[in-house]
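Encoded as structure tokens, the following chain is the form predicted on its own, with no partner shown.
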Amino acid sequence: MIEWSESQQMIRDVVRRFMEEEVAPHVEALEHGDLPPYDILRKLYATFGMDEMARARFAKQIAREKRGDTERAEKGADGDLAAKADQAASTLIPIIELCRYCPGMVTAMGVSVGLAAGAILSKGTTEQKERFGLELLTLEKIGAWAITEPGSGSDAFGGMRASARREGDEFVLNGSKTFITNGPFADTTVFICKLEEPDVDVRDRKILNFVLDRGLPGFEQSGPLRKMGMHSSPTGELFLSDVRVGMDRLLGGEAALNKSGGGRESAKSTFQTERSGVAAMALGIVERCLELSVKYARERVQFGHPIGEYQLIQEKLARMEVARMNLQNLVFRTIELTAHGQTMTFAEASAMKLYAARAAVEVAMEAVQVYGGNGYMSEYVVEQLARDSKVLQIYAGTDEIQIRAIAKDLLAGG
């Protein structure tokens, strides 16, 4: 894939109009925490039939599982590739277009649909998928995926202290989580913790995933935390004190207790999915920053000339365009792989995430520089995008963690 197809451009144009009419007028309220993003996201899903498509895919998956058909569907013939590419593009285009105005909304949507629902659909039993999955996929309910703890940072598994103590057919959950997207408003939370195994070092204990509902006794969700950017994505803390749950809330049920790898590999695949989506987010931010910077460079006059006539400004614009082209090509590659039924390796996803995050931050900060003093003022969009872009270098693994994953893969292959 080397360019957007005509059908993909039509999808993009329609989605962009929705963003201009339904998102742009509410950015101020979203930025100041006066308006949670969920009703707008639900309207997005309803307007473009994303909820109905999710229901149809879910029904097919459940039907296959009940038939005992656990094999992946065979790859389609080449004639199906265009349709598959359009389908893949239709999931990424709303991400790109949302990030032109409100990147935080993508985070809120992605964690609920991609991470929380994704964890349930990949790890849960058929019964658990039917019980918890569909309402998250359609955004009828909001989901959170809780892995990060106050003391763990990038050492998500080794530093994890949240625990599950087995008592017969029940588990007693304790611990706290922080920086949890959708945490304050989540109806359903996938809580990741370690099984208490007295004879096993705490760093090596099994990783388990539990599905929690808002309001369970002993389960507390904080209000939204104040943060640098992504204000339209509510972030909170979770506190569990002797929360009792049955085996029905352990993702995978009894089998999860015997699974090799202790749940680390499945969580790793979730990180891979999250990292792959950052390129689309970065593309939306970069496209908008470039568009605004070009417009400003044409209109802003200094020393008797539009600033776009000065070479230092031209260099900034040129570097922004290079970043836009590179990010667009990464998004095209993601679409092409998906159409062929393939995914990036973990190291490739890490490399894409590393580049995309750095490119978004560099372009957004340069856009502020093009605007000068105006760029530092909150009334200008580039100020918001500069703040929002920074977290791309932090969540889903910091830049340093991406470098480690890439280098480790390279050295292992040597």
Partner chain sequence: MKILVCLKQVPHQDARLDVNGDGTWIKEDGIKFEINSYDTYALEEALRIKDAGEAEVVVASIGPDRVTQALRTALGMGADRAVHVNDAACQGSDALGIAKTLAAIAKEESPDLILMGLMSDDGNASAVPPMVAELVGMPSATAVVATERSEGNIRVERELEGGAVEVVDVPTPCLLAVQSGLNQVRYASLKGIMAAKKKPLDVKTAADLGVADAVGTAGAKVKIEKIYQPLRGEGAEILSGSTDEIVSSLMNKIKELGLL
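Residue numbers count along the first chain shown, from 1. This is a predicted model, so every value here is computed, not measured.
Separately, the form predicted together with the partner chain exists; it is not shown, and the next lines address it.
- At least one heavy atom of residue 11 is located within 4.5 Å of the partner chain in the model of the complex.
- Mapping the unseen interface onto this chain, residue 395 falls outside it, with no heavy atom inside 4.5 Å of the partner chain in the model of the complex.
- Under a 4.5 angstroms non-hydrogen atom cutoff, the partner chain in the model of the complex has residue 47 among its neighbouring residues.
- Mapping the unseen interface onto this chain, residue 326 falls outside it, with no heavy atom inside 4.5 Å of the partner chain in the model of the complex.
- Think of it this way: in the model of the complex, the partner chain has a heavy atom of just one of 82, 156, 216, 297 within 4.5 Å, and the residue is 82.
- Interface residue among 338, 163, 90, 125 relative to the partner chain in the model of the complex, by the heavy atom within 4.5 Å criterion: 90.
- Site residues 62, 69 and 113 are none of them in contact with the partner chain in the model of the complex, judged by any heavy atom within 4.5 Å.
- Of the stretches 365 to 373, 48 to 56, 33 to 41, 385 to 393, only 48 to 56 has residues with a heavy atom within 4.5 Å of the partner chain in the model of the complex.
- Using a 4.5 Å cut-off on any heavy atom, none of the residues of 218 to 244 reaches the partner chain in the model of the complex.
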